[in-house]
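Just the one chain here, laid out as structure tokens, in the form predicted on its own.
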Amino acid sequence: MDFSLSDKEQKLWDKAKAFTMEHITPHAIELEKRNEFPKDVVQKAYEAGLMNLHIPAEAGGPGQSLVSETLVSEATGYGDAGVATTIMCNNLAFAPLVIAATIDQLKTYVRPLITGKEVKFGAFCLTERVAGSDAGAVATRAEKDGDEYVITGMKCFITSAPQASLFTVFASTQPELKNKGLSVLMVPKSKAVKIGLIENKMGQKNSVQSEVIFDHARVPKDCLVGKEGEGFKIAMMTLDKTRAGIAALATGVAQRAVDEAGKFANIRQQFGQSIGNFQGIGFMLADMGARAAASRQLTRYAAWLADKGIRNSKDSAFAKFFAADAAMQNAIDAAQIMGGYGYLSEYPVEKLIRDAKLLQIYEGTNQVQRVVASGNILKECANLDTGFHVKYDGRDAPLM
């Protein structure tokens, strides 16, 4: 068992951390005050080779591993969760295409977006106001009309939608089949794709989410990804992969909270000594550090499984809900350690709290992750023989 990164991964990890320290962390508070899309920073990330890592080489991408993606997400998440979300949004938008589209489709629709001089974005369009976590209730429709599909409906909370050039849309081609009638289509930007309400959020203000309205948007039939009715399966496969990226981002937030609290606990003097010397503070720091470290290991293991082609539904769910909860708890604990200073907007910790909250909600709430994880555990244990039996009613029966 080897926990070390490869030379290539270590160089990427070092590059991502250096980029964060130069372009994200020192400017995060000011960027948030501007409350606008951080295009300049993201452009620099694109030029530095920190985006679109999962696109295969045959389609013009770097063809790097999911583990590599988590390294970038953790490093940038440490600096600012909103900027990190914007940098990694293409990972989610293009993941269904990498999973199920043909190489020709990737070359036609994705390659132009990842090989030019300017950063381009995709948008992952699954969530709807009513449907939420219930993919079977998706109301957006894609109807066949000759050699085209006509798409109508509205999506919400779509990351980077106002900047997107390509929309990965989950729409129902057979509504009566619910989940089994869901399909995936690539929809290029056009006049029939309209941006609705841009959300005003509590945190992660350096990431933009909005409604997307498809007003009879027409796309050729070769924009269908996979086959009709495979949308739900593709969505689940996508989320199994991309949850590790969210977990990595959350790990970055969790580690930032440890570092800010630890730095403060060294400097802040009370009763003639640093407050870090008091067990009440020391124990909190230890728990915070353990949460961040455990989040990192869960995340990288889930990513490693995906890279090996091993099903990771349970492990990616573990990583996502544990790391997101760790980020939230660590941020709260950091504010407590810093006392009144932790509540001031001129310090980064109150921002960590606001940013961390969204990590527990988007890309599948932590409650949904627990449903996924527990469902897998129940299946694994259904016919499990633990070796422990007890005599029951005169028979050799499992313990009831």
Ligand SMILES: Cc1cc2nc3c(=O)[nH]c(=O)nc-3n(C[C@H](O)[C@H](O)[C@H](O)COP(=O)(O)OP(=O)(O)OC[C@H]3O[C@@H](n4cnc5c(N)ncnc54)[C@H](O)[C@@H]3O)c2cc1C
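Just so it is clear, the model here is predicted, and its values are computed rather than measured. The numbering used is simple: start at 1 and walk along the sequence shown.
Below: the form predicted together with the ligand, not depicted.
- Stretch 132-140 is the answer when you ask which of 228-236, 132-140, 302-310, 171-179 has residues with heavy atoms within 4.5 Å of the ligand in the predicted bound form.
- Site annotation in the predicted bound form: the residue of L92, M288, A101, A164 reaching within 4.5 Å of the ligand with a heavy atom is L92.
- For the options T242, Q255, N206, Q209, the one in contact with the ligand in the predicted bound form, meaning a heavy atom within 4.5 Å, is Q209.
- In the predicted bound form, the ligand lies farther than 4.5 Å from every heavy atom of E69.
- In the predicted bound form, at least one heavy atom of I361 sits within 4.5 Å of a heavy atom of the ligand.
- For C125, a non-hydrogen atom is located within 4.5 Å of the ligand in the predicted bound form, even though that partner is not displayed.
- The closest non-hydrogen atom of Q367 lies within 4.5 Å of the ligand in the predicted bound form.
- If you take 179-202 and check each residue for a heavy atom within 4.5 Å of the ligand in the predicted bound form, you get just K201.
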